[in-house]
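As a starting point, one isolated chain is supplied in structure tokens, in the form predicted on its own.
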């Protein structure tokens, strides 16, 4: 562990990435305390320019833009983190189960993964939200399913390698159940891989959350969301460009920060193959 930390410290971009992620997480957690106004309340005239009262001005409805920017980060980050966590854990277990059972189960899982990867993500989301609604749980679930496919393939490949290890064969000879072998022998040995997968899927999930909200398929108004704020700012891009630049900067710096951190940490852990699977 000490060696891994030393490798990370030697990489300036990794440190920058970690600091960016820490900054955004801190701002998201402290948003209710930092937001000067209620993000849902009309507090001024529409499209007020930034001043001493409203640091980032007001939006097209007269709501404080800084407050909505801070609270919008909470929604985007929560959705991305939850989707990344579900995708990495559930996808990892399904991939290991496919590696353990092989045969028909492995074939079914592989075909379902290939089928899902062949369907454009936007089309999949559109069909899903049309049937179940544009709520945060639905959005997290559909993004988790999309991001899970790559995790299944990666964990399955690693699981096939681990199944040939002596300690796994010994566990099976002792008569341990499939669940015991998967949870006690296989899963701990791909924990580092799944940690990197979680970070990568969270990064791509954040972009997808913002893109879906921008297209009107994500978080529904009036809930503050970075993607929605970029979409709403398009109407006044020439006169009030900060309405687009501020949320776009938040999305881009968080995604860049996660990518820098993941690249450095995966290299330090010797998981270059996993990093390339994003």
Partner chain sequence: MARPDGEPLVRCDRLSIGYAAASGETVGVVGDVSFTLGRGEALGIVGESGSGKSTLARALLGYLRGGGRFLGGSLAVDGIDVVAASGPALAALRGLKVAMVPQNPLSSLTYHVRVGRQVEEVLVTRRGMTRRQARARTLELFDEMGLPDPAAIATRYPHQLSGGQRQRVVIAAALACDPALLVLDEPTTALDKTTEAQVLDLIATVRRTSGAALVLVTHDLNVVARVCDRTLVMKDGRVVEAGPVAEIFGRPRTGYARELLAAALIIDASRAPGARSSTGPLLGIEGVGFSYAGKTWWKRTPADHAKILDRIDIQIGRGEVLGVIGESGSGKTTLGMLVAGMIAAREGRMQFEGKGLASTVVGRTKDQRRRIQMIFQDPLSSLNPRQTVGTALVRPLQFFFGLDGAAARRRAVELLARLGMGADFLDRYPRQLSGGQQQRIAIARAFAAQPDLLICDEITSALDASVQAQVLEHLLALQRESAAAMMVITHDLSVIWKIAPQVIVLKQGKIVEQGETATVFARPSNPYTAGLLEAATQASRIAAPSVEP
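Because the structure is predicted, anything quoted here is derived from the model rather than measured. Numbering follows the first chain given and starts at 1.
Not on display, but discussed next: the form predicted in complex with the partner chain.
### Message
Can you work out whether residue 138 and the partner chain are in contact in the predicted complex, taking contact to mean some heavy atom pair no more than 4.5 Å apart?
### Response
Close contact is absent here: in the predicted complex, residue 138 is far from the partner chain, nothing within 4.5 Å, heavy atoms only.
### Task
Although the partner chain is absent from this view, report whether residue 165 comes within 4.5 Å of it in the predicted complex, heavy atoms only.
Flag for residue 165 set to yes.
### Query
So, in the predicted complex, is residue 170 in contact with the partner chain at a 4.5 angstroms heavy atom limit?
Within the cut-off, so yes.
### Query
So in the predicted complex, are 48, 51 and 53 all sitting within 4.5 Å of the partner chain, heavy atoms only?
Answer is no for this spot.
### Query
Going through 167 to 188 from first to last, which residues have a non-hydrogen atom within 4.5 Å of the partner chain in the predicted complex?
Residues within 4.5 Å: 167, 169, 170, 172, 173, 174, 175, 176, 180, 184, 185, 188.
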